[in-house]
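This document contains two forms of one protein chain, each encoded as structure tokens and listed individually as structure 1 and structure 2.
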Structure 1
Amino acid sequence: MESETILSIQNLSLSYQRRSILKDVSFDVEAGKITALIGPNGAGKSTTMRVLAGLVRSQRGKVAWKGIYLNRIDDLRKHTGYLIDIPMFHNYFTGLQNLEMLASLSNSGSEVQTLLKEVGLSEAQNKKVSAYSKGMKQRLGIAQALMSRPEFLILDEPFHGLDPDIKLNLMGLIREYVSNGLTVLITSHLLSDLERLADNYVLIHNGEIKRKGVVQDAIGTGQHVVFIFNKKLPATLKNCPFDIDALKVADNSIEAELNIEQTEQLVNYFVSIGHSPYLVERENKLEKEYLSNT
């Protein structure tokens, strides 16, 4: 069953000092899906986000929300939560006080302490934001973006400055919200993260849309994965979840064609037999698609 288009962006164009920044940018965002906007620095990703957030006015273009054209693009704000640029807070308020103040100003019905728990800041909620690390401020920004329980969420580099474990937790949180009906438009320079997280992708380069597609189609059924170990593997891999003949096994490495779930399954198997790999390298096909089109 095809997903409904919740947001249709048509012919966004923007020039500054005779330089074209956006050139007839058009793409659709499917309801209940995560769409990744990818491209090199200066391609137009953040500018597109800013136009949709009402922070920058395009010279041309229109936006339809659930099939109805908006009179002004910034009318989209009533449906949307945002994290764009580095989030700004009152440094001498605590994280809890910052969100409580924002909730009162916006008449948000969200439970602030629940949001702080969801982004992993419960223990730091009573610390002043001046004592927060960059990653903690980023998480507080994500909590702020979710405060109004929006239908649509715009995230520009939301994982910047986050430790890997925190990033994985937030990716899981975003996925949970999406499973409950949220729609997300996201950018990240870490394409491997987007391979795991996004459903669809839109590639922009020099202000123009170069390619659109489904992430799983770009990835395909499998990717070349290399597992490297710091000790010699046993001669027999008992109870291995995969056909040994499909694996290229050497003394200290294994190569195979696997999807993400199979990769995780094989890592768990090695851990269970006491041979945790110290390096897993997976071919990034979304990055390959990106490079071939830019």
Structure 2
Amino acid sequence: MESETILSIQNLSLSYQRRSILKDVSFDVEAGKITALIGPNGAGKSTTMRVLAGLVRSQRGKVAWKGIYLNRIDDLRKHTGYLIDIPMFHNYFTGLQNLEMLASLSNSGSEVQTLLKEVGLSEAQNKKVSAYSKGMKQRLGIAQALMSRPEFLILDEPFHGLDPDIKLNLMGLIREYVSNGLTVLITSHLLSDLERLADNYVLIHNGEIKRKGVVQDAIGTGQHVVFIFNKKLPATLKNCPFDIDALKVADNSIEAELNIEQTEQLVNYFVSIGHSPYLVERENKLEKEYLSNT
């Protein structure tokens, strides 16, 4: 089924000190999907996000929300939650107080406790933000972005500085919101994360859109995965969930073309037979796409 376009960005252009930062940037964001904006440092990812947040004023370009052109890009803020860069709060207020202040501006005060619970900060809500770790601030940033339950979320490097478990937790949370109808535009330097999270991608380089597409199409049906073991594998792999002939088996390694679920299935199988792999390397196809276009 064809997805509806919730946001259409057309010919966004910005120059600063005679340098072109964004050159006719145009792309669409599909409703209920996660779109990843990828590109190297200085490509224009964050600037595009900032223009959409109304923090940076573009010289040219239009934005349409659900097919209707907005008079000012600032009007997008009525429908959008933002997490731009590393979130900074008032250090002399608690996490709860910071959120309550922001919530009072959008009449969403009753949601604050729920949001803090959702991002796992209930217990730390009465601590001053100055005592928060980087990850806690990031989670508080996510909570403020979700305030007043926006239809659209803009996340600029949301996983910056997060521990793997917190990151996975946050990714799950984003997925959950998306399954409930939220649309997300996200940037991250961690392409492997975006590969797991995003539905679509837009590749930007030197302020120009180089490529757009569906993440699954870039990845294909499977990725090249290498399992490395610290002991010799048994001669026969009994009850292996996959066709042994499709796997390239060596003494202490196995190579195969697998998707994420299949990779997890195979890891579980090896654990069950007492041969836990000590290294699993997956080829990152989104990264390959990125490298070949930048």
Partner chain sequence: MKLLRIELVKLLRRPRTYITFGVMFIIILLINLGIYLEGETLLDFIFKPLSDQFVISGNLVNGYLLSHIILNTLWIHIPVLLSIVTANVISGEIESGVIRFYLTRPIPRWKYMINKLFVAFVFADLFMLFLGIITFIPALFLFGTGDLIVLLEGVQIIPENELIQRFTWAFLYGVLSMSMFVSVTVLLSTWLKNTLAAILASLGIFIVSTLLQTFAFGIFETWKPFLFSHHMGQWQLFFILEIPWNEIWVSATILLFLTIVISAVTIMKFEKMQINT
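Rigid core (definition): largest C-alpha set, two forms, superposition within 1.5 Å. Sequence positions of structure 1, starting at 1, serve as the residue numbers. Keep in mind that what you see is a predicted model, and the values were worked out from it rather than measured.
Asker: Kindly point out the structure, among the two, that is the form predicted in complex with its partner chain.
Answerer: Between the two, the form predicted in complex with its partner chain is shown as structure 2, not structure 1.
Asker: Could you check, with the core superposed, whether the Cα atom of Q97 shifts 2 Å or more between structure 1 and structure 2?
Answerer: For Q97, whose C-alpha is compared between structure 1 and structure 2 after core superposition, the shift is 2 Å or more.
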